[in-house]
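Only one chain comes next, encoded as structure tokens, the form predicted on its own.
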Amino acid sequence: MEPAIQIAVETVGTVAVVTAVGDIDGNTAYLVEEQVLPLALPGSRLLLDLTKVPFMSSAGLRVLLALHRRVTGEAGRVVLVGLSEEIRDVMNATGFLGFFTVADTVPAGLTLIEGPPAA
């Protein structure tokens, strides 16, 4: 049986581009955590393409926050790409959106992640 979430990782220059397909919820957040958190090394640059993630529960938000804390605490950067309107609204209402740099497309995200760190 296929997992409810699929994660693919590719490297573009110095950036790990993580593409997720499917819902990130209580049943799948641990899979995202297992595959993405090991990429959060000191100074790492991670781009999470969430274009094909229609739903994210609080468990998914927790994984994003853990990733943000680990990467930015070590002078790294995280950019989120392709947030659905629903996920963006939830992240905005909970204050999570302010922790992340957000882009609409992968090329735009790659441009942002290569810039200077946000203050």
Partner chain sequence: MTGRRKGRRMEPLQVIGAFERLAELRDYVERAAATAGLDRKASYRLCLAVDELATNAMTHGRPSPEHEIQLRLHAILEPATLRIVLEDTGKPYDPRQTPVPTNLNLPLEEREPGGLGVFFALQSADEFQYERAGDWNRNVLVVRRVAGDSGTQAG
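This structure is a prediction, so every number in the text was calculated from the model and none was measured. Residue numbers count along the first chain shown, from 1.
The same protein also has a form predicted together with its partner chain, omitted here; what follows describes it.
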Of Ile87, Leu50, Leu39, Leu31, the only residue with a heavy atom within 4.5 Å of its partner chain in the model of the complex is Ile87
Non-hydrogen atom contact Arg45 with its partner chain in the model of the complex at 4.5 angstroms: no
Does Ala93 make contact with its partner chain in the model of the complex, using a 4.5 Å heavy atom cut-off? yes
Within 4.5 Å, heavy atoms only: does Asn27 come near its partner chain in the model of the complex? yes
Is Gln35 one of the residues lying within 4.5 Å of its partner chain in the model of the complex, judged by heavy atom distances? no
What residues of 35 to 70, in sequence order, lie within 4.5 Å of its partner chain in the model of the complex by heavy atom? Pro54, Phe55, Met56, Ser57, Ser58, Leu61, Arg62, Leu65, His68, Arg69
